[in-house]
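The chain below stands alone, shown as structure tokens; this is the form predicted alone.
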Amino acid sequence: MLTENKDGYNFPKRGDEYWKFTKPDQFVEISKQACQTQFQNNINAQSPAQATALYNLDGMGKIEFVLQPNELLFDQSDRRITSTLELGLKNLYQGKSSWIDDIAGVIENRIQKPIPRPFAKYCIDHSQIGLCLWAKGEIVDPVILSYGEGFAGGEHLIHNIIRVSSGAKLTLVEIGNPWSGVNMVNEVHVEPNGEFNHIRIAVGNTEAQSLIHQYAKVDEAASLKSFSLFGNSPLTRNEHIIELPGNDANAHVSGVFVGSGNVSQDDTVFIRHEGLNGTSRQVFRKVLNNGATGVFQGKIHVNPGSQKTDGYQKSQALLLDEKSQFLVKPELEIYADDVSCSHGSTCGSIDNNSLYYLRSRGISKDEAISMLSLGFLKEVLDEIESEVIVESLGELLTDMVNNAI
């Protein structure tokens, strides 16, 4: 069942098929309130604040941007930006830049069927700010996009547009969730033989309510890999909607969530294979304690004629108490006969034999549970290519698990 607001958007209710595990009411209010915020956008060419220090990324080479509610901060003297990247702010450049107009709202609209997603359309139509980023060549250092403290304590609509040219390579790390509520959309186009690696780190804000969509079109022989790390925010829904129209296209989506208490985190993934020899992976793991809720809804859709498709989907949760719950809905929808597709989902508690083994060697119960939880989660980090980023995330993950026990 859908409800219509004054602008004609049909927002979902709890009875909608893909919202039965997560109540959408809060996101309706967040989106409407955020739409009322008005400000001017500016590009401010100056050195950005060191927003990445919290995540121990300061020791690595990087290209850094800080997005604020009314400006984009960066170092204009960085020649890597002028030589391999074209950038802007959505509301300053939309209608004036053909490459932005070719993506903005177009990729999202292509993938709305058969499942409409009115929150994403509302965000794109009403968003106040967003980074537009076009990678034109191989960018060796990761691009860090930090959401600045100017977003703190308010509701926001954010729409980022990312283009990766044919043969280009881009690693984008999104950091931060300073808002009290956000409806965010990333639209991504990876052109033939392009490579887009994406990491999202959203931890530390125990007040944030986040609805995040990533729409992506991955062309022939192109690759997309996206990893998300979410912490103890009260409500998060993380959606990936990906189409693979070209032959030999590849998409990997993975994520980790650590939650304790009255928190809920929802990963919903829809991948549509349209070409030949396409591959996709969905790998998600969650550690839940003190009544936390984890949700995974994943779908692999294989169009008629998309032969030799290889689709893999696995979701797992470790429940540290009897009140926590893991709600899952894995799906395969296949219309081709020469494919290899599988899905699986499991949840369970700490293995008592492993726990006994560690405690018998003088390790405290909490420390033993932490070690076993980290071992369970760290396998997902193998989905990330950058060893430097994996190392820094390993340290962050250790702190998150210790705080959740």
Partner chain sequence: MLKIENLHAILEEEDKPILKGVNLKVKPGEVHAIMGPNGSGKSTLSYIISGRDGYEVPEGSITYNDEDILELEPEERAAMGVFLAFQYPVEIPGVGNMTFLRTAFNAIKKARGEEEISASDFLKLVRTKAKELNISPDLLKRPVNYGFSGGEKKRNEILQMAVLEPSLCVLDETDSGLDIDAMKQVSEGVNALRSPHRAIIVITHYQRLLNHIQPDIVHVMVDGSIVQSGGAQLALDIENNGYSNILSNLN
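In this text, all values refer to a predicted model and were calculated from it rather than measured experimentally. Numbering follows the first chain given and starts at 1.
Below, we turn to the form predicted together with the partner chain, even though it does not appear here.
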- Query: According to a 4.5 angstroms non-hydrogen atom cut-off, is Ile350 in contact with the partner chain in the model of the complex?
  - Reply: no
- Task: Please run the contact check for Glu29 against the partner chain in the model of the complex: heavy atoms, 4.5 angstroms, yes or no?
- Result: no
- Query: Is the gap between Ser364 and the partner chain in the model of the complex 4.5 Å or less for some heavy atom pair?
  - Reply: yes
- Message: So, Ser360 and the partner chain: in the model of the complex, are they within 4.5 Å at any heavy atom pair?
- Response: yes
- Message: Exactly one residue in Ala34, Leu372, Val380, Val339 has a non-hydrogen atom within 4.5 Å of the partner chain in the model of the complex; which is it?
- Response: Leu372
